[in-house]
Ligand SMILES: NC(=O)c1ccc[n+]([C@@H]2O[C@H](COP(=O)([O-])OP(=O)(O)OC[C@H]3O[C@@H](n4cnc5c(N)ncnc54)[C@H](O)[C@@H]3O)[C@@H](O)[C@H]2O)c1
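Shown below, as structure tokens, is a lone chain in the form predicted alone; questions about how it binds or moves come after it.
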């Protein structure tokens, strides 16, 4: 039975009324649901079982009302391993699928978790919504601007509850950060610095193409992306450093950290302009297509947001290899997932230090489940916000790829540059068709 017809209305409504769970609502509440009656079970399925998708499912299964009915993956080795893990944990083995479309035909699946590579998110999310499923989709929501728009349209057309896996939106210390910024104590904020430096984005030691490993349906893994032969340096864990499937550190960490920058500065639209420069300067032997070294400036009326990443290093400003800094006239607020602090300028304000509880992801999943029960579309990170952050990441990459300053009109869906417009919508490989809504 579809969850929209179940008797879930009225449960936990107060916790989700604002759309973003505030710390005051989470403190003192149990993250985990109370034991559920058999007819209150929520059937979930996972597409993409290896990495973050598995982490997502694990936090779903903490909740006793969640029943994992199906797993889907193109790698039989990963799929069989995860099936065994779920069976060991829940004493029930989910059904196995290699084609997610077959899985979506099941009427007992209420929600779908999408943990596949970025170039697959759009088709799978749109298909899941059209099949009447609610969706928890990993970030970035899509590998292109046009796909972001299609996903927003699908959630609206099919009236589905959607949560984007930008879990910082559910973190207490991030809400406390936002509250502090709103207080005005930092003074006039003229610049927000955002950075992410990680070794994994530096791919060295090229290897020749080869046959796909046994049990891997590589043609299905490619999906709508261009046809090519298998290469292990473009597959598990490394795919996001190649344009056909991802956008490098910019889309991997950028959506998380730019989300906090945009939220802190109350931005809900496009910047006035963006200009970027990128390459693989520090490690010329880096075989990644995406930018190991990237600098982006987003310009607004009275402030800028600046992004920087340097692959192959794990050091950064303020002793943090990733994070963001709101630079005000009275002091600077520096934040990442390990907490935030205020560094006063000439003792104009007091020092502040706030630590996290490291429960962001669990709270994010729990909030989505509550929204499903209440049919509340205002999840902590709705598809519209996921679209905004993904578009910012794509703007930075596109500007660097064409080596030009850009202005993007989100209403007209076009840049002020014909070369940039070519990157808005990908060409899907047959038989896959770009979704139209």
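Since the structure is predicted, the reported quantities are computational estimates derived from the model, not experimental observations. Residue numbers count along the first chain shown, from 1.
Note that the form predicted together with the named molecule isn't included here; everything after this is about it.
The single contact residue among 198, 239, 281, 230, judged by any heavy atom lying within 4.5 Å of the named molecule in the predicted bound form, is 239. This chain lacks the partner; the member of 395, 383, 45, 49 within 4.5 angstroms of the named molecule in the predicted bound form by a non-hydrogen atom is 49. Stretch-level contact check against the named molecule in the predicted bound form with heavy atoms at 4.5 Å: of 309 to 317, 286 to 294, 219 to 227, 271 to 279, the positive one is 219 to 227.
Mapping the unseen interface onto this chain, residue 167 counts among the residues with a heavy atom inside 4.5 Å of the named molecule in the predicted bound form. Though the partner is left out of this view, residue 120 does reach within 4.5 Å of the named molecule in the predicted bound form, counting heavy atoms only. In the predicted bound form, residue 264 stays away from the named molecule, with no heavy atom inside 4.5 Å.
Contact check for residue 124: a heavy atom falls within 4.5 Å of the named molecule in the predicted bound form. With respect to the named molecule in the predicted bound form, the three residues 64, 110 and 134 uniformly fall beyond 4.5 angstroms at the level of their nearest heavy atom.
If you take 175 to 194 and check each residue for a heavy atom within 4.5 Å of the named molecule in the predicted bound form, you get nothing at all.
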